[in-house]
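Shown next as structure tokens: one chain only, the form predicted on its own.
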Amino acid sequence: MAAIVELRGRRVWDSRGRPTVEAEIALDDGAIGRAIAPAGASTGAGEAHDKRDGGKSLRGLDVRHAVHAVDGEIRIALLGKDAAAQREIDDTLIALDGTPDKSRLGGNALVAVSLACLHAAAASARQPLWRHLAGDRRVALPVPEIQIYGGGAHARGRVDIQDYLVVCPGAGSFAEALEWTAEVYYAAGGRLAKKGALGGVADEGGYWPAFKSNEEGVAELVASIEDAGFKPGEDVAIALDVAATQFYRGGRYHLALENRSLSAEQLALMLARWIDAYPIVSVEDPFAENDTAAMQSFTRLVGDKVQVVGDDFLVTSAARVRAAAAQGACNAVLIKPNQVGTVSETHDAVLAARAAGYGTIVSARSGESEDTSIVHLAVGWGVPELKVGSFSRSERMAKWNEGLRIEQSLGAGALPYPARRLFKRYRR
């Protein structure tokens, strides 16, 4: 047993220059663990709630109350507990907060503490976090899903689609996938600059484009893949995060860029046409978080061709994953620890997805930091995909680079890299 002897909260800053919570845990054997809570811009209604101070200071976004909760109630409840008993730690946090959405103490406080405890336990065992999670199991690196253009809530609505991303089904390693993505990223930036359509970068480091339509972004991405010297669909393919909740009002989907509104059926037909016309292998949140009927219908329509991913729709909830599977809605789930608030609940969602035959993707948030926990979660839990944002900005590159270190450390002992088989389950 490695007992918790100290717990400290700290106000630190995320990639958008906003305050967030860091937790640091010390054990009686000298091991230290720390973690930083991320924050989303496009958030689901069912997510764990960050605790923010409100008021005028820092536009109401300060986290002093959440830090105080870490230093006070949470510290008192966890002192003396075994850091290796993650489920017991997390159950204590959930009971202490006492609300279904973690709003009393704050999801940001709880997820930072839960992850810090996991790091401390791994340090006590003198193991990297991914190995602490994997035990004796062989592991592989996940397939990166990397944003090239940012839109939606990440780019002030410049385009309606939130993320235009690439995956590399033809790559033979994590390192090769990153290299190929870098070439596509350079090509995409060059094309935008030549057209005078480059407006900087969005929250997650992807280019902030000036497209005339949402479909133009898909076509431009195909052209960028070709310009980089790759075969679209075979070497490098496309993933979309529609984040449709952000433009759903009054029962319709309003595309501001194109000055038109669509019914759920019209949006489904538009996306299905894109899937047939372009090398798209994954579509995330194609409909609003409460539009279950549309999600079911769309999964029936294209679920044998692409990943249909639930993010806002499932919010890393094991119960929601099980319900969606029973309803025939989605076939994959995005996994975000801060959506649900603790490591154990996050793992429960992964296990529920596996039991349902769903794909799984561990994901970062738009407000991130140098914390690399999610890379270790993906590797250690055997999650086959990782979505971190784009291929720029240090809070993103810290995670991609951590994956490279892990891949190198695995050497010949790694399981085969899964990219070439990952999307073969879908008919093209």
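When you see a residue number, it is the position in the sequence shown, counting from 1. Quick caveat, the model's predicted, so the values are computed rather than measured.
From this point on, the text means the form predicted in complex with 2-phosphoglycolic acid, which you will not see here.
Contact with 2-phosphoglycolic acid in the predicted complex, judged by any heavy atom within 4.5 Å, is made by just one of 360, 390, 43, 373: 43. This chain lacks the partner; the member of 51, 365, 399, 34 within 4.5 angstroms of 2-phosphoglycolic acid in the predicted complex by a non-hydrogen atom is 365. Contact with 2-phosphoglycolic acid, judged by heavy atoms within 4.5 Å in the predicted complex, is confined among 329-337, 75-83, 220-228, 89-97 to 329-337. The single residue of 269-288 lying near 2-phosphoglycolic acid in the predicted complex is 284, the criterion being any heavy atom within 4.5 Å.
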